[in-house]
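Given next, in structure tokens, is a single chain: the form predicted on its own.
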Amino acid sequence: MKRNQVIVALVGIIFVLFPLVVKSDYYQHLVILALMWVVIGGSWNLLAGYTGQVSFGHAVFFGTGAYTAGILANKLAISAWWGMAFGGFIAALVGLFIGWVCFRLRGPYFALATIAAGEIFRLIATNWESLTEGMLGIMILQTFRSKLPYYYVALALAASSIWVFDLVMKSKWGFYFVSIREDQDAAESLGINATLYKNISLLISSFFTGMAGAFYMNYMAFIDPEVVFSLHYISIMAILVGIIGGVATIWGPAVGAFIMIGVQETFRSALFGLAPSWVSQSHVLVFGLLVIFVILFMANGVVGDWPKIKRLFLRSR
């Protein structure tokens, strides 16, 4: 336990010092995005990995948080940073509504319902132009020119999300979540209110995803429905982060976020300019191949199968 605490402390110190040592805006930007995905991937993992409710609709909560911050700034002339306070709560309310409707379904039917919810919210944001500006999107002025403040906000958000998820999974709620994942009927026969605890899991998950969306609005200073409510760029990416890093592990989404952002940027930059330009369009193909590799050889993800990976490297020496 003490060894793990030392490792966590060292990693924390590295992240705190990183922007002070690495002055490049480019690398700071990549780490900021990765930290944001730590929050989103961890939120998806709480609901799908620990509670067994596979969601394809986390873009709903991300987009809700982003538009909460954007509308506050655009329509009410209130700082978009208040979206960090309200975006998570509005997303959680949306999550409660979706849970009330969709938790009547199980398994693939629930997953399909979350896809439908994502499309509904994307269409609402596209067509309700008086509120959301439709496809024109919402643009705000960035508060800071330097990336340093955004970096530390993203770091604080990622660290707090990991801490909360770990705390929840060590509590009574965590045991209930896992029991529902393993066998909902058996859990209910023992007196566990499955619908209640699935909604609690969704509430926490949607809150942090909404916070990440509000942060994205402040950091990128522009949003539109095709980005923040995107099935591919948000919902599927959240799933990939969890699968690659390790489903039902606290640190898996964090590892998965940095792997996915690293792979994405490596191929988008055409191997940092060393490869032909067509390579920049192949990152989606690489994502697919990476997922296939993980499913075939590391079904528990990098963190879940870390002992196996470590033994493999030791054997190769």
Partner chain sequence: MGVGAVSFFEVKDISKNFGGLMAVNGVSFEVEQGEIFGLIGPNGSGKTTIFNLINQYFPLTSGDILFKGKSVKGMKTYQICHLGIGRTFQVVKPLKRMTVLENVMASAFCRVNSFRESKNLAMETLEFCNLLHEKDKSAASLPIAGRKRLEITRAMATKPELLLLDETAAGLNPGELDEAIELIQRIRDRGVTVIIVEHIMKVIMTISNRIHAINYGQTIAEGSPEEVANNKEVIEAYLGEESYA
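These numbers were taken from a predicted model, which means no experiment stands behind them. Positions refer to the first chain, counted from 1.
Keep in mind that the form predicted together with the partner chain is missing from the display, and what follows is about it.
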Contact label in the predicted bound form: Asn193 to the partner chain, heavy atom within 4.5 Å: yes
Contact flag, Asp183 vs the partner chain in the predicted bound form, heavy atom cut 4.5 Å: yes
Contact of Glu188 with the partner chain in the predicted bound form (heavy atom, 4.5 Å): yes
Non-hydrogen atom contact Ser179 with the partner chain in the predicted bound form at 4.5 angstroms: yes
Contact stretch among 146-154, 165-173, 69-77, 224-232 - heavy atom within 4.5 Å of the partner chain in the predicted bound form: 165-173
Residues within 4.5 Å of the partner chain in the predicted bound form, restricted to 56-91 and counted by heavy atom: none
